[in-house]
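Shown here is one chain on its own, the form predicted alone, set out as structure tokens.
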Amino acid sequence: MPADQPSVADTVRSLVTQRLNLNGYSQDLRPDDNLWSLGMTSLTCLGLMLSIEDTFEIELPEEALKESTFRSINTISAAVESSRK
């Protein structure tokens, strides 16, 4: 990946910040923070999943479509990386 490209985790953080309206909190958002505790709902999770698939031009496999996949920036990033292989 070129140096000027954001990392998968940085891109996921940006998408999470947008979907959960965490604009003032994004700098404090840690990679392992539980997004469900920060206000994630099934509807925001669906929007986040679609944004992730569009942004990374992937389709997450059915087995990745569960609450634990969308628990944190780290778990989402791992699912993206796995789907890109």
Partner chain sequence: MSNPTMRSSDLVFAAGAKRPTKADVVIIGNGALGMFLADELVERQVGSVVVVGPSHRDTGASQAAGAMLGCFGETTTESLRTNAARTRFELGISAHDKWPETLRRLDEFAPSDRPLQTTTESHIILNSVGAELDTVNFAAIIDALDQYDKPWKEIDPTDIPGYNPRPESRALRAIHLPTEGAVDARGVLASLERRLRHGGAILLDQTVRRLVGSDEEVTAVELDDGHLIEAGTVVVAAGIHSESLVRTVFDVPDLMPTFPGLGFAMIAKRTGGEPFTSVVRTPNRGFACGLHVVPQGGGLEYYGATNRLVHTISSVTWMADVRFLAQYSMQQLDERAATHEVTKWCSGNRPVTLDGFPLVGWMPLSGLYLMTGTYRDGFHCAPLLAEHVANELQGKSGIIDSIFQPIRKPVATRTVESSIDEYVTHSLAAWFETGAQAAPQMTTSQLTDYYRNMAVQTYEQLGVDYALGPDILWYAQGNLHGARRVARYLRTFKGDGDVDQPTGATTGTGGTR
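Numbering follows the first chain given and starts at 1. What you are looking at is a predicted structure, and each value in this text was computed from that prediction instead of being measured.
The same protein has a further form, the form predicted together with its partner chain, not shown here; the description that follows concerns it.
Point to revise | Residue contact check: L29 to its partner chain in the model of the complex, 4.5 Å heavy atom | key: The answer is no: L29 has no heavy atom within 4.5 Å of its partner chain.
Practice item. Check whether R13 has any heavy atom within 4.5 Å of a heavy atom of its partner chain in the model of the complex, and answer yes or no. Key: R13: no, not in contact with its partner chain in the model of the complex.
Review point. Does any residue in 63-81 get within 4.5 Å of its partner chain in the model of the complex, counting heavy atoms only, and if so which ones?
Key: Contacts from 63-81: L65, K66, F70.
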